[in-house]
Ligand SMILES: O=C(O)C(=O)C[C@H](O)[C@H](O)COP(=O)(O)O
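Only one chain is included here, represented as structure tokens and corresponding to the form predicted on its own.
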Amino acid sequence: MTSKTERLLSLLNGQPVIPVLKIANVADAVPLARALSRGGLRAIEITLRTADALEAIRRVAAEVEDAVVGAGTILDAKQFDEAAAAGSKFIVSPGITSQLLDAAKGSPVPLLPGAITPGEIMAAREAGLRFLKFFPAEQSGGIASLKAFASPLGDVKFCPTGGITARNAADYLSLPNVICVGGSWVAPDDLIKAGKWDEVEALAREASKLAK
């Protein structure tokens, strides 16, 4: 495995579920990250789908010592650089492009790009990546597709995201080529809006106990 893949895996540190977060109110970022961390989910992905996403990453990186904050929905090199400058420890993208690969090559921050076809997976593999996001998982064949990849692409591991819930997460985690899953169910919008951090912590603790 490449050194950056090993670095990314060490950051995730055996965590079965990576919370995928959309921060609508930047004031929620720190208490949310603290609740997830207390529940055993230290590594989190804050997606760049809101205006305050970069500021949320900055605050979590600066104020939540236990958290390992990454940036998601990174679409180009500019966003990669902005997210890294904000304090992201890892970068997640829904797909893979030459521009993103070039940005990652020149940065110490590891990239987890999305790939769903054999060609995309092979392109990532050629670039030295052995750990990929499988997105959107449920819409792209889900467990059946990942099982099919296990033999011909046996040295590539995945983090499926998209349609993963508390109901099917364990099934994905049982696959030999799945390292972890990404999901938003551990931090529902209604609990975040209501500031029910104890309930978020409880969901995180339950998710952290999923077997891998």
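Start at 1 and count along the sequence shown; that's the residue number. Since this is a predicted model, take the numbers as computed values, not measurements.
The following text describes the form predicted together with the ligand, which does not appear among the structures shown.
Please tell me whether any heavy atom belonging to residue 164 falls inside 4.5 Å of a heavy atom of the ligand, as the geometry stands in the predicted bound form. Yes.
Quick one: is residue 39 in contact with the ligand in the predicted bound form, heavy atoms, 4.5 Å cut-off? Contact check for residue 39: no, nothing within 4.5 Å of the ligand in the predicted bound form.
Contact between residue 147 and the ligand in the predicted bound form at 4.5 Å, heavy atoms? Residue 147 lies outside the contact set for the ligand.
Test of understanding: in the predicted bound form, would residue 140 fall inside 4.5 Å of the ligand by heavy atoms? The answer is no: residue 140 has no heavy atom within 4.5 Å of the ligand.
Spell it out for me: taking the ligand in the predicted bound form, does every residue among 5, 90 and 130 have a heavy atom no farther than 4.5 Å from it? No, none of 5, 90 and 130 comes within 4.5 Å of the ligand in the predicted bound form.
Interface stretch in the predicted bound form with the ligand - options 172-180, 23-31, 43-51, 60-68, non-hydrogen atom within 4.5 Å: Heavy-atom contact with the partner occurs in 43-51.
For a quick check, can you give me the residues of 58-87 that have a heavy atom within 4.5 Å of the ligand in the predicted bound form? Those in contact are 72, 73.
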